[in-house]
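Quick setup: one chain, the form predicted on its own, written in structure tokens, and binding and motion questions come after.
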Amino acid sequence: MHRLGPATLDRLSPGILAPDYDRAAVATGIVHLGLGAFHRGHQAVYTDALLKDDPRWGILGVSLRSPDTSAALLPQGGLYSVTASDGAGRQRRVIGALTGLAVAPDDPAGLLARLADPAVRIVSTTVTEKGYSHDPATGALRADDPDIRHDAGHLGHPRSTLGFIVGGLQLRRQRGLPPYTVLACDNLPANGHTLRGLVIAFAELVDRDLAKWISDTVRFPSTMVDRIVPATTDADRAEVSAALGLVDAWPVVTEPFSQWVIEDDFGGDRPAWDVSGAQFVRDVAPFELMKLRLLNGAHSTLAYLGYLMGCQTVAEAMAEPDLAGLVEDMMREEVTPTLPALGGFDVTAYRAALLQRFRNPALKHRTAQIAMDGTQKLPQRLLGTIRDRLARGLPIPRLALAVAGWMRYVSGTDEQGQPIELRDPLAATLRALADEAGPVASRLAPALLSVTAVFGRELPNDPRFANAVETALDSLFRDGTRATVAQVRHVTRT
């Protein structure tokens, strides 16, 4: 079978959409840091749809760590396919928005030169929560991060996300060029505001005048992104390649639903992403909070409790009646009351749509994938909701169980005694605490609550929170996850 590429597009199977523009005429106007499946299944799709009318916005896709994506897509000329499936049918299209590929560690100086290209007007990011070198509990820069320490003294050869952003801006300032807009597309609270603070804090380690120039001139719009994009599997590659009639080494498999809400605060020209279905607004915060707490909070709850129940995917977890019911009750009873009013937006319909999306059997979204990097995710997905409820004197039984599920996951072994691979930036710290405490809730819960980078200082000292989490964790160890979920659901519904 031939490989997908510019020379083989005419061999695509009938019904597969292909780029309807001259790719040779597309210029690079965006540099995107973090070339994972999510970006390729979300922002790149919105961009691809407008290149026929405005070819200034091609994307240089940058892998900050692994060369795997670049190695797979280079032989394909940057082309790849996106399959959207809901179990009832599939829509497939080939995306041509990538004008180039780069692996940052291979040539950091070369990437800085690309960032200084006057044609580049936007630098966007999907580097996951852990890619911002920050304390997730406070949003502050971790100046002791090894990459940050390196980049502060070697900005001509950076390693970190912040190092590349600031290094590129430094070159543009030195050359008298206008800055680019920095567009965060990760699940961070107030992601544009948060990234702005981190960039300026890092720049102050390098050059205070540079930091002031960035503060005065660079725009950091906030965004809300929403599309479930699981990691690509070998089975996906085989199925997609057979359907295309061409080998696609790195396809994206996702759901039909996609949403992108963008604060309309750019420093210069921007793509007309609204033509592709995005929404430009004055204030992203209400949309972002709704998504982080309802979708992402429910996802993490399903991931930890579902994994412990033996569910490999979210769809399998949703097939567990008590777990699905508990998550639905949590979204309605504990999360929704903490959300601001969105005029004209039907939150009840949004919750129902989320539950339907979670049940999508075509998406093999692995619970282990969502469970990764929990220390970076819990503060915005669950702990913010918990703080708001406690401030109002409201109970948190389901939310506390979700946090306890993370703790039980961190303990290192599942209910069959098999080891759990803990993939987290703080894995060494968590493992040391868990090993010392052992599988005893009265020791493990306080030990993990002492990680201030996650929980801060006030929340662990609130007995309403600490006691609820410890009680739920004790039940998980003593009775097992399935029985605990059923008990909490029954008690909270009576």
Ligand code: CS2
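Remember, predicted model here, so these are calculated numbers, not experimental data. Residues carry their position along the shown sequence, with the first being 1.
Omitted from view is the form predicted in complex with this ligand, to which the following refers.
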property	result
Answer option from Arg219, Arg227, Arg359, His157, heavy atom within 4.5 Å of this ligand in the predicted bound form	Arg227
Listed residue (Arg398, Arg121, Arg381, His134) with a non-hydrogen atom within 4.5 angstroms of this ligand in the predicted bound form	Arg381
Answer range among 370-378, 211-219, 135-143, 110-118 for contact with this ligand, defined in the predicted bound form as heavy atoms within 4.5 Å	370-378
Interface membership of Leu295, this ligand in the predicted bound form, 4.5 Å heavy atom rule	yes
Residue contact check: Asn187 to this ligand in the predicted bound form, 4.5 Å heavy atom	yes
Interface membership of His299, this ligand in the predicted bound form, 4.5 Å heavy atom rule	yes
Lys291, heavy atom within 4.5 angstroms of this ligand in the predicted bound form	yes
Contacts with this ligand in the predicted bound form - residues in 90-105 whose heavy atoms fall within 4.5 Å	none
